[in-house]
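One chain comes next, on its own, written out as structure tokens in the form predicted alone.
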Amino acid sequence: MTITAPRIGAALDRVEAPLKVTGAALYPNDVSYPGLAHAAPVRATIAAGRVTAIDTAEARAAEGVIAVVTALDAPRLRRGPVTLLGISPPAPLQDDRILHYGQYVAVVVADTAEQARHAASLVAVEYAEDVPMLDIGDPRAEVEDDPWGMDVDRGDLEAGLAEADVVIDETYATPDNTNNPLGLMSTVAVWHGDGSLTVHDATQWPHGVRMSLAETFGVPESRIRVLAPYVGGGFGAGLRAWQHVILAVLAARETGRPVKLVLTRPEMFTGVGYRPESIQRIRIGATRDGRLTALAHEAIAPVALEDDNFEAVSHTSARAYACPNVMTRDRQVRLNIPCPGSMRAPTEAQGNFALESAMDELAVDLGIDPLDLRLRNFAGTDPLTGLPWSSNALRECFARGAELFGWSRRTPEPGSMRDGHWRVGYGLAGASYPPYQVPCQARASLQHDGSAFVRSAATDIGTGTYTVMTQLAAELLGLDVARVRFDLGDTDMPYSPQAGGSGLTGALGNAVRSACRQLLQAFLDVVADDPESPLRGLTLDEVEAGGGGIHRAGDPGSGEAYTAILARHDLAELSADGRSTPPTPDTTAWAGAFGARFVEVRVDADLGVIRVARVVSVIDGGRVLNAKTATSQIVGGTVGGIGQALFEETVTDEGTGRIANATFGDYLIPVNADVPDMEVVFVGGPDTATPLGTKGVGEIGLVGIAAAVANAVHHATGRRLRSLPLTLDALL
């Protein structure tokens, strides 16, 4: 039988889809154990102060209650380690201080989830309340300048501004946004009789959870197993070992029973991070012909009192355009707020909105087409290093996007395009997302029946990792997809970094590539002195995989099947390990993804209602491993960008710190009626910095949409809105 492997890049359907649509895929909140108990947290109802008393008598007496652990009697825990993603969140229930509204002050364990929730409502907490710091401008708040050492000074900013014929100096604002994956964050923890621990968690990084729990509970990592084969979305919410994970593990240890803890939607708003607000000032100077002479981007964002969150909002501007004089500044303000965290396209989502809005304003003042202005200032080399990019098809993105969108039909005068009662606006924005890749490991095995088993401890949060890695391994090993099984989500598998930062496909893909090549080498080693093998004495560079085996390069008839080699040498299987490391190019600047976003909006002339009518996205995503899943990422990110532009805003009561819209009934997100026609096209070729040539496309799908919508609204109405979300009241 001839076996045909799928080509890398083909639009292969998701291999895990049957399990998901039939309900057979096991998510963490589906897991059960004999004697499973349920935990429910008790949250603070103030934003600053101290707990003075906790009365648990009524809760302990409630039906089904097994235990109540409070901030006044919980065992001492260590704070988790510093990881690739920064310092771990503080351990819960460690003292009487209240640092934010919704902070965990107790956890109740009961026989059922309903009993635990009811008993948690019976816990009475008394406080000594302080006046919280909730406003980014609070003079009492601690301000940290350049907290990550990433501020940029290039050239002479003041001289560049003085040289300019036109200067834009404006302030832009973005609000808190909350990730809100469909699947509620959940954890099941089981302590075993030998002192080992098994945790099922809705995490984007199983090894990160294992590291954090090992440090927090003083247990060797080798004694902890974290499982996350399926996760109901994340958007960054699952990147850290949040406090509810520790509560579940603590509750299981205190009760001696398996414990499940599933957060409610309101608890998600204060317990698993969110995109923090930002205030950004941008100054851009240009000559009359549109050449940039100076660019200054200053941003300030909040962070929790005792946490760390990486949000270098302004840094996006340091590499965006060819400009000789650039200054970027980031500051953080410590407030009585829940811990922020990564949300899809962190930093770029906020920074790009301000930068690309300001570029549009500059184009209007100069009387230059917004597309032409960007092309005139295209950075053909990396502005930070002066090196050529490892790849950069941004010019092609703009050219192809303008053609597909029909940009030439745009009349420049704001308010000049109408369709009956609707004002029509065209807007665009450039987009980029920096490259990210960290070490990763994978293992590949070839079984006696000719099937392959490839695995790594990564997660698939809906991005298509199962499918893409199956597809990649199938081609590398010359097997049909049906003969390849790819598994993930288990810390007993080789180490993998997080599914986040648009870095997993590159890190894991290169590790899978390495493992598959090592597996081919293992087969060549077996037949190196085998007189019966046509592969005898051949090197890896002299062979190819295909048809279920290995053959001489360019000669499919001179090889043999894996099954034949294994059988002849009495082997049940062969396995090999592979690893990838971040690229370190010497002569080029490692490039991330680039893109151009073109948006058409309709604005009701009387009511100010904004509708996104059309979006064209052209993306330089490097080598695309699966056209369908990559396109899906851009479509999904675009919907998120529409949410950022028009709907999403996490509202905090300025007096109490309470989240005022912590439900899907009140926190607005795009629904089907808000999602327009979309066209997604990929351009460019493989990136030269890595063996596979991929770039991450998960984040860039969101970048640029908010700015393009805002620019289109200005074109439709003449009103420049500099604060997200863009709402009809601002247009009335």
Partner chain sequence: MKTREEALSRLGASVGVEFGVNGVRRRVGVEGRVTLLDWLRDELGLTGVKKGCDQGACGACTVLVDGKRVVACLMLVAQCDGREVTTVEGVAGVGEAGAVQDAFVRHDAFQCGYCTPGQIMSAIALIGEGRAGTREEIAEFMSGNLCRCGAYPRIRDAIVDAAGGEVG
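If you're wondering where the values come from, they're calculated on a predicted model, not measured in any experiment. Residue numbers count along the first chain shown, from 1.
What comes next is about the form predicted in complex with its partner chain, which is not displayed.
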(request) Could you tell me which of 635-643, 134-142, 278-286, 312-320 sits within 4.5 Å of its partner chain in the predicted bound form, going by non-hydrogen atoms? (result) 635-643
(request) May I ask you to choose, among Gln521, Ser121, Thr381, Ser558, the residue with a heavy atom within 4.5 Å of its partner chain in the predicted bound form? (result) Ser121
(message) To verify the annotation, which of these, Leu247, Ala299, Ala452, Met343, has a non-hydrogen atom within 4.5 Å of its partner chain in the predicted bound form?
(response) Met343
(request) Please check if Ile669 has a heavy atom lying within 4.5 Å of any heavy atom of its partner chain in the predicted bound form. (result) yes
(request) Mark Arg722 yes when one of its heavy atoms lies within 4.5 Å of a heavy atom of its partner chain in the predicted bound form, and no otherwise. (result) no
(message) Just checking whether Asp30 would be counted as a contact of its partner chain in the predicted bound form - the rule being heavy atoms within 4.5 angstroms.
(response) yes
(request) Although its partner chain is absent from this view, report whether Leu184 comes within 4.5 Å of it in the predicted bound form, heavy atoms only. (result) yes
(message) Could you pull out the residues of 669-706 that have any heavy atom within 4.5 Å of its partner chain in the predicted bound form?
(response) Ile669, Pro670, Val671, Asn672, Ala673, Val675, Pro676, Asp677, Met678
